[in-house]
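As a starting point, one isolated chain is supplied in structure tokens, in the form predicted alone.
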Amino acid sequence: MTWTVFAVAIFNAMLINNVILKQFLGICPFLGVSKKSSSAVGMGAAVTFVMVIASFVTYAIYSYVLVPYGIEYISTIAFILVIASLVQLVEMILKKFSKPLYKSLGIYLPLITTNCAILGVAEGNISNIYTNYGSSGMWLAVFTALGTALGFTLIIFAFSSVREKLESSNVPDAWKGVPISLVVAGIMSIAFLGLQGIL
């Protein structure tokens, strides 16, 4: 595989098949942590770390443990255990080195464990990449996860920036809070549909 393939994988996962706006995965942290840009960036960084490492580890486990022993049917359980372990690691690191970020993420940090975006990427790597490339597709899976995580971070940061502006805007009372946020999310989703067909 060439660097062009990896670059296309990142661009495709980041913008064209965005995990939030196209696949509608990871909506819980998208709506819950996007009130402030700082917490959105922190969540994006945590999700990026967990998603990339989890994709590497889950792909390796699937290729070198589950398939050789014929126990592919427990892949979802194995993947959830890997993701939960990585989230615990991130939680310990943030609690030790960045208590303000740890407090601002609150309940949403442990929720990364059940973030369907991370599990969806791990499962998608198996169904899309492993099927076509086998164990040689590990790096393609990692770059796809990186693109997905960067897309998640980009969208949650952009959404949080808009929400911060909306706080000081003259919004009708019936539209304040979640309703106007959902309208903005819908407009963002429609805008990203314009990228379809580039690749």
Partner chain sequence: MLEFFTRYLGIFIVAGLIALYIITYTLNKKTPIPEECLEDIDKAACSGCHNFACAHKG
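On a predicted model such as this, the values are computed, not experimentally measured, just so you know. Positions refer to the first chain, counted from 1.
Unshown form predicted in complex with the partner chain; subsequent notes refer to it.
Participant: Using a 4.5 Å heavy atom cut-off, indicate which stretch of 48-56, 129-137, 34-42, 144-152 touches the partner chain in the predicted complex.
Facilitator: Every other range fails; the passing one is 34-42.
Participant: Give a yes/no on whether A60 approaches the partner chain to within 4.5 Å in the predicted complex, heavy atoms considered.
Facilitator: Heavy-atom contact with the partner chain at 4.5 Å: absent for A60.
Participant: Any of the heavy atoms of C28 lying within 4.5 Å of the partner chain in the predicted complex?
Facilitator: Yes - in the predicted complex, heavy atoms of C28 and the partner chain come within 4.5 Å of each other.
Participant: Taking the partner chain in the predicted complex, which residues along 78-96 bring a heavy atom to within 4.5 Å of it?
Facilitator: Contacting residues: A78, L81, V82, A84, S85, Q88, L89, E91, M92, K95, K96.
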